[in-house]
Every structure is written in structure tokens, then in C-alpha cells.
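Quick heads-up: it's one chain on its own, the form predicted alone, in C-alpha cells.
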Amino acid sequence: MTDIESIFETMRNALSAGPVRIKEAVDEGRKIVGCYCAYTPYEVIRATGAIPVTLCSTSDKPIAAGEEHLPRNLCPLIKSSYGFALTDTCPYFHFCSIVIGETTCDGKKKMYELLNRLRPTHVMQLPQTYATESIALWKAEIERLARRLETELGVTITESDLKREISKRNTERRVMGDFYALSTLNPAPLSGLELNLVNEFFKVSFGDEKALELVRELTKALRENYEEGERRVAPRKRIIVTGCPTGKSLEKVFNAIEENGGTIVAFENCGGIKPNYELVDETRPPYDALAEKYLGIPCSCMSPNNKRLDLLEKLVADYHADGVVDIILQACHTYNVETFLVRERLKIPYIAVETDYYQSDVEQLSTRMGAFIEMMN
């Protein structure tokens, strides 16, 4: 059997080595473009030859600094994002030539005004409904982004550049989709914490084919070992995690689930399945195809957001879920309001957990997750 643990260890090491790799890329003359959101069309950035990077936004450490300019009762993700930039403690932000933002919520779009004082920040005006006219508006915004990047980075984006990067990004989505599908097996061949590790590793792959090949290798090894009888995870209650973007500080929720008799089999959040389950149509003109795919991401900022409800219902069936945990960041009103609709649509046990990045509620989370999973029994 393949040594699975050695592959996971390689991925863990890659997380800490990410900033070094970006510095090396800058030293070699590459440009870095900072991103915060799943709506960012990576294909356009990559078509310039630049490297899109996910900026730091999921730690409580810089929140106090962020609150010097932002209200305390704001979403922790926004305060953390700004705090990292303000204190220059995000190594990725440090090397950025430009930052891309989207108007997914009021807090973010106003924070970007302040962020623009620290780095050139291009804000994409996101239509917040999925309709034909909205797709046309989003296409115009993607084209406007392309022109801004051409100006800032001194390059020209060709149609062939876009088509190449669309194909490459679609390949990445397929590889991650194959990996996610492993957890439809019962019992799952890996824990939710390991699933989250691979999600985080994918963020720091920076389009590297070797990193993608490592995910392929892991997927193949887990499936083959499973078929040979290996059961790394005991049969437990199968949980889908949905809601706000996840990250380091929210691993406290994952721990609470998996320490109390549950196994996370899927992350629907924008750092997991949500941005990867649909491909860009490679037969259509690039900007049209990108607009349709990216506007179709079912974030709670969309109204109505039926695509999220449909996706969750499908995931519950595909992953044989016993329950759903909805993570709501404090002051994230769109996801908080949407909990009613999610609870109403799903026909299995469901719990919404409102939290922030601080660790003071770890014991409370453990108690709540323990009771939730015990209720399923």
C-alpha cells in the first residue's frame, strides 16, 4: 500500500514554504496579483503571466490593528484581511503589484477603499443576481479587469492566452473534483481535517503542475488502498460543512465535529467544492464563458440564491450526509439570513454556528457539536 502519510506531510510542508516560493518568483521577474474571493477569474490573471495568490484573511492576530480603522462589529474576515495588509504581516500581500476585490458585501467594498491606499486595488462590480443581463454586466467587468491588468503589468492578453489558461484551470477543477469524490465512499477514506489540508495545499499550488500531480497521486493512493481493504477512518456520522469562507481560525469547528463522533465528508464553502463543481465552457468565446461560470458561483450575496440550495441538496445525496453544519461568521448578514432557507430545504439534521476568529468559544463549540451528533444517534 502507498504511504499516504508521507504525501500529507509533503503538503503540510508546502503550506509553510508558500511565501518563499512567491519571493523566489518575484526575484525571477514574475508579478504577483492578490485575490480574496472565489469570484476572481484566475484565468485572466494567469493569462498575463502573473501569479494569482490568495491573501491572508483567516487569523485573529491582525484584527486589533484592523479595528483601528474599521468598526469592531464588522465581519472578522474583513478586519483580518485589512489588518494583515495594514501591518504588512501577510507575505503574499507584501509582494503584490495589485489586489483584486469584488463587491460581494458592503463591508468588503468599503474596506477596499482603504486597502487602495496600501496597494493598487481593482474592485469588480459584481451583479448580485444570476440572469442574462447580469452575465453581460459581469462579462464587461471581467474585460475591464483584463484592461487594468494589461496597464498595470505592461502586457497584452490574447484570446489564445485566455483559452490556454481556461483549459489549465478546468484541469485543476477536474483533479480536485476527483479528489472530493473519494469522500462519497462510506466510510470515508480520509478525515475532514485531511480534506481541509488538501484544500489549503491547493491554494498554494500557484498553478504548479507538480502540485497538481501530488493531488492526483494522493487520490489514486487513497482509492487503491481503500480497495485493498484499508479503512483509515472509522464509520461515523457524515457531515457536510457549508456557510462562510473557512480558514485556519475556523479549524476549531472542524475539530469540534471530528472530536465528537463526526467526519466531515465535504466542504461546500468557497474554499472547497463551490467554485470547482462547474467548469468553464471551452467551446465558447473566453469572456462569455468566464462570465457565465464565475457568476454562477452560489455565494449568499446572490439573490435569489437557489443554486446554493440545489447544490447542497445534491451534495447531501451524493455524499450520503447525516447532517449539515453551517458556519456563520459574526456580522455576515447574508449567510445568516440564508440559514432559514437552508434549514427549510434540507431534510436532514442541520445546525448553524455563529462564531468569529477568536478561540474563546472552543469548549462551547465542542459541547454543541457533541449534542448535535448525539442527536443523530
Partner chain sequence: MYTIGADIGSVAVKVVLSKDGEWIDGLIAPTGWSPKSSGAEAIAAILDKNGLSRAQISRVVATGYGRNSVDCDERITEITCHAKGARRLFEGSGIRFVLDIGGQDSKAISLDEKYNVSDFLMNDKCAAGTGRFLQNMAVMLGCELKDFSLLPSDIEPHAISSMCTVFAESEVVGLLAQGVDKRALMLGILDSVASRAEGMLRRVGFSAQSGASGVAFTGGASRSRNLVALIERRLGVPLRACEKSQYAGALGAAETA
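Computed from a prediction, not measured in an experiment: that's the story for all the values here. Numbering follows the first chain given and starts at 1.
This next part talks about the form predicted in complex with its partner chain, which is not shown.
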item	value
Segment assignment from 310-318, 30-38, 343-351, 61-69: heavy atom within 4.5 Å of its partner chain in the model of the complex	343-351
Contact of Glu24 with its partner chain in the model of the complex (heavy atom, 4.5 Å)	no
4.5 Å heavy atom contact, Glu363 to its partner chain in the model of the complex	yes
Residue contact check: Thr10 to its partner chain in the model of the complex, 4.5 Å heavy atom	no
Joint contact, Lys168, Leu197 and Asn199 to its partner chain in the model of the complex, by non-hydrogen atom at 4.5 Å	no
Heavy atom contacts to its partner chain in the model of the complex at 4.5 Å, residues of 310-333 in sequence order	Gln330
